[in-house]
Every structure is written in structure tokens, then in C-alpha cells.
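Look below for two forms of one protein chain, each set out as C-alpha cells: first structure 1, then structure 2.
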Structure 1
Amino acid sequence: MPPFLQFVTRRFLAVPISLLVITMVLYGGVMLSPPEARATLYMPDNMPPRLTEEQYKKIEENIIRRYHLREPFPVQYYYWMKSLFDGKWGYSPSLNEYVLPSLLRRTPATLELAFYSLLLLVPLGLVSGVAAGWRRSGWFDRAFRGLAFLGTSTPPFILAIILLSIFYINRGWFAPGRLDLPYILEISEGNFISYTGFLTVDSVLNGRTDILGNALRHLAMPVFTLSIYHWATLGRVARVSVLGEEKKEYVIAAKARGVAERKVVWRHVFRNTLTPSLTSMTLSATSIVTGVFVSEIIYDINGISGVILEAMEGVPDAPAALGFAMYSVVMVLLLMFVLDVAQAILDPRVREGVLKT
């Protein structure tokens, strides 16, 4: 088998193995809660107002038996894994519905925020990092390093609070949420067709540039908050890669032949910075997928973070919490697989059989 196919096969087989190990650990954590505590989530709403202790215990035991809450770990884990393949992922009392449909309904809002964050940070991080590294110690490099330091040292939730204070509370420019209230009401009345769940895309397909502008304005602050840290990290990696490339023979030879500096940087040096930068992009992409929930909560974006918020109110809702964790793990593993394959395509060592991992 060619080295490239070996690489892809190994990465693909690692996905279900990683998923099995992670889910076993997650479910083991849930089982630390006593069965009686988990049974309270499934208590019916229409229970009689006055119950004797014996009646309550009987209802509790019926729930524990029905949902296998007192069974050994392998049995409970089996029933939970079985629920993953029925398209529902178990019933969540806190959500009052099955977990997977609730997650899928909220997914477009989360993916839209993550997509635009990646769309902003990847080209901006690469271009600014390469430009700063090539003009080392110049004014642009000094400005880049200063902004990158601020970006990596400011926690996202602190940055979000600062941005909300300045641009929403004081100026009223960028409101939280996904849309202004009049547009929300218009969409809820059924006059707006949802094709993808991405408000920016659906507004174009519906011919509503006013909704497009409003959706982009609401995305501005959460996208900036989510992107700034990863932009700084990716830019620093690209800058260091350029510093390592500028002393190599092919750069010196190109300059000696009179090749324009712009062409040397963007046609040759830039390509060679992609491989090390892609590792940083992989980490950034996975961090955004798992860290998008902080921005969703602060900026009131009704994404999948709402599932875990509702699941953690009162007694922890095991089906919702596990479904949320499972959903996040699947998204991260698939994203890492795709980015690993992209790295294998870009790295000639894989195609030539040098890379054997």
C-alpha cells in the first residue's frame, strides 16, 4: 500500500478507537453519581402532591429498573451505546426531548460562528505572520508582536466582556444574539425559508440583504473574540517559519538570480510555511470547535451550548451531558482526521514515503 494510503488508513482507524476510549471514560464519570440522584431527573411531572416515603421509593425503584441505573458499568454502557445508534441518543428530562434532535437543531448557529472564525483567522494569521517574519524588526513586525502578545494573554471571556461594554452598552453598535428582534419575529412567522440554518447564507438565498447585514453585525464581536487568540498563535508560528526559511539556499539563490522579493516571499517561502502552520491550524480549529461555547453563552447565541447549560441546572442530566460531550468529541475527531489528511497531501514527505507515522 502506498505511504499516503497507509497514513490515511491509520488516521481513519484511530477515530473509532479514540471514540470508544473517550466515551468509556465519560460514562464512567457519570456513574459516579448515585442511581437515586439520576432517577430524580425522570420523576413524572404529574406526581401526586403528597406521597409517602414508601410510594416515592417504589416510583424511584421503577425508574432505576426501567433505565438500568443500578446495573454494572458494562451493562449501562451497552444500553447507552445502543441509544447512540437509534438516532435519538437517549431522552433528556431537562430538555424534555431526545438529545440528538436537540443538538442538530442548534448545530447551524454553532457551525456558522466557528466557520466565520476560521475564515477570519487562517488567512489573516498566515499573511500577517509571513509579512512580519520577512520584515523582521520593522514597524509591522513590532506592531504584530505587540498585538499577538495582547491576543494570547487576554482570556476570551474577559475580551468578550470588554467588547460588550464598549460596543454594545456604550455605543449600541453590536448587540448580542443572532438577529435584532424584528427580524427574529419575521423569521418565526414563516416568511423566511431556512435552507441551511446559516443566517448569512439563507438571507442571500431569500434575497434579503437587510437580514444579511444584520446577521453579520451580530457575528462581528463573537467571531473576533473567538479568532483573536488563535490568530496570534498561528501568526507567530508562520513568523518563526519564515525566519527559518529566509537563510536557506533556495532563497539566497532566488535573490541572486534577481527574482523579485515579492515573488520569493509569496511563491516560495509562503508555501514552505504552510506545513508547520497547518499543525497550528489543526489545533486552532479543534480549539474553536470546543471553545465556541464560551462565546455562545456570553453573546447569547442559541447554539449547542444551550444543551449543556440546561443539563447542568439542578441535578446533572446525564443523557444531555453525555450527548453534548459525545457530539463535541465526534466533531473534533472528524475535524482532526480531515486536517491530518490535508497535511499529508501538502507534505511531500508523506507522498515520498519518508513520513511513516
Structure 2
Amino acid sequence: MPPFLQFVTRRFLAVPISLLVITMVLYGGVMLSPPEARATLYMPDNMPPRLTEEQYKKIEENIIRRYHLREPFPVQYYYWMKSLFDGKWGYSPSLNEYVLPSLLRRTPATLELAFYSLLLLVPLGLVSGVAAGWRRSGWFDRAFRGLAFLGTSTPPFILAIILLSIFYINRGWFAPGRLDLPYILEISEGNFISYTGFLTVDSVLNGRTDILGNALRHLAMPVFTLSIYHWATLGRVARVSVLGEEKKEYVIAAKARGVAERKVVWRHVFRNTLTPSLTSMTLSATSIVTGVFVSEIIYDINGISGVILEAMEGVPDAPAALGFAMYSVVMVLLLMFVLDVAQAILDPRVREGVLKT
């Protein structure tokens, strides 16, 4: 097997292990509650509207017996894991539907936001960090350090408040949500075919540039909010990994051979910074996903976090919360895997199997 594939499979095999550990911890958390509360995880959707207390107790007792909710942890954990494969993940009383379909339906909105943010912040962070670190204390480095300091010390939700109050309330250039109301109505009428769920892609496929423009107008603020903070953190790591690199032998050798400095930086030095930078991003993948949820909630985008928003005010909803937790773990693992693969593609040392990571 070529080293690249070896690397990717090894990383991919780590995913089920992580899932196993996390699900055990999660179910361990569920075990803190009594069996009667655990039974709500398996409640059917066709409950009759009016139930006497005895009837409800009977249903509850049935579920407890069927899913072995009074047995020790391993048994319960086994039955819960088995129930995850039914594609429902429990019935959520606050959403009035099964949790997994609801999560899947909301996924494209979340992915669209995350995708454009990463597309903006990863190249920008790497390039600006390398450029700043190469000419240490030059004008670009100083500007970069100032901006990065601002970026990391402004919490995203505060940036969101400022952006919303200037560009939405005061100027009206950008807006929260995903689309303007007329377009939402038009789409719900059914002339707009949803191929991918990404509004920006679907609008192009449907040949509607006006919807594309509108979707971008709504995406601008959340994408900016999300990118700025992580751009700054990524850029800083890239900058630090470039410092001192100009004294390394490979750089001196390349310069001595008469390679242009521009080429030395972007061909050789740049690639060496990829591994530490992307690794640091992998380690903070949860903070990126958390940032996506926060942006969604502040900017009123009905993504995955919409599942828990309704649960937070109203009927207690353990299935929705558990499903949300599971699903966000899957998203983080996916993001980590994508970053790992990107690193493998870009770093020749991983590709050739020299660097064992």
C-alpha cells in the first residue's frame, strides 16, 4: 500500500475508537439519571394524546423491560448502541419528529457555513502567518500581530453583536438568516429544486443568480465572524513555525544555489509549516465546531444547533440533546479527518512515508 493510503487508513481507523470512547462516556452520563428518565430516550412517536398515569407507567415499564434499563452499564450500553442503528435516534417531543432525520435535514446549512469559513480562513491564515514570520518585525509582521491580537481577543459573539448592529441594523447591507422572506416563500412553493441543500450551489444549478447573491449576502457576516478568530490562531501558529527557519541549512543551500527568495519561501518553507499549523487546528477542531454553532444561533441560521434551541425552552428533551451531542462528535471527527487528509496531500513527507505521525 502506498504511504499516503496507509496514513489515511490509519487515521480513519482512529475514528471508531474515538466514537467508542465518547459514546461510553455519554452513556455513562445517561446512567446518572434513573431508569424512568432513560425510558424517554426510547418513547414511541405514536403516543396517544391523553394518557392516565397508569397507562403511561405501563408504557414506561414496557420500555424499561425491552431495553433492559435496570441492568448494569454494559448491557444497557449494548442495547442503546443497537438502537442507534435504527436511523431514528429517539423521538423528540420538542421537535415532534425523530432526532436523526431532523439533524440530517439541517446538516447542509451548517456544512455550508463551515465550508466557506474554512475555505477563507485556512489559506489566509497559512499565507499571512508565513509572510509575517519570514520578515520578522517588518511592517507586515507588525500589522499581522496587531490584527491577530485583535482577532483572538474579540470573542466571536461580541464581534457578531458589533457586525449585526452596524451592517444589519444601521446600514442594512447584510442580514441574518439564510435568505430574504420572498425567496423563502418562493422556495417553499417548489419551483426550486434542492440538489445539495447548499443554497449557493443549488441556486447556480437552478440558474438563479439572484438567489445566489441573496444567499451570499446572508452568509457574509457569519462566515466573517467564524473566520476571524480561527484565522488569527492558525496564523499565529504558522508564524511561529516559520521563525528561525531562515537559518536552517536547507534554506541557505537553496539560496546559495541561486533560488529566488520568493520560491524558497513558498516552495520549501511554506510546506514545512503545514504540519504544525494543521495539527494545531486538528487539536482545536471542537472549538471550530462550537464556533459554528454559536454563529448559527446568533445569526439565526436553522442549522444543527436548531435541534437543541427548541429543547432549551420547554419540554425536557433528552433524545434531542443526546442526538445533538452524538452528531456534533461525528462532525468534529469528520473535520479532524479532513484536516489530516489535507495535511497528507500537502506535506510531501507524509505522502512519501518519511514522517510518521
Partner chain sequence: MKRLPPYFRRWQNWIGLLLVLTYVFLAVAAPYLSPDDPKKPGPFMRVGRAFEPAPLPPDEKAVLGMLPLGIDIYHALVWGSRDALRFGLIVTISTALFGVIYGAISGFTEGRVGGLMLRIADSFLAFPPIAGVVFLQQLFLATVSALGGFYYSGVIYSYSDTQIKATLIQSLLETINPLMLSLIVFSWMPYARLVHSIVITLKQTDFIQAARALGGSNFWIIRKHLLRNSTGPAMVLAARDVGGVVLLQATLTFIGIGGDSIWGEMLALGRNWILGPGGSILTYWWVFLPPTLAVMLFGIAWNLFGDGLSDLFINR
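Start at 1 and count along the sequence of structure 1; that gives the residue numbers used here. What you see is a predicted model, and the numbers here were worked out from it, not measured in a lab. The term rigid core refers to the most C-alpha atoms you can superpose between the two forms while keeping them within 1.5 Å.
Practice problem: Tell me which of the two, 1 or 2, is the form predicted alone. | Solution: Answer 1, the form predicted alone.
Self-check item: Core-superposed comparison between structures 1 and 2, Glu60 Cα displacement 2 Å or beyond
Solution: Moves: yes, 2 Å or greater.
Practice problem: Note yes or no: does the Cα of Val30 move by 2 Å or more between structures 1 and 2 after the core is superposed? | Solution: Shift at Val30: 2 Å or more after core fit.
Self-check item: Core-aligned CA displacement of Leu205 at least 2 Å between structures 1 and 2
Solution: Superposed on the core, Leu205 moves its C-alpha less than 2 Å between structures 1 and 2.
Quiz item: What Cα shift, in Å, does Arg11 show between structures 1 and 2 once the core is superposed?
Solution: So the C-alpha of this residue moves 4.4 Å.
Exercise. After aligning on the rigid core, report the distance the C-alpha of Leu20 travels between structures 1 and 2, in angstrom.
Key: Once the two forms are fitted on their core, the shift reads 3.1 Å.
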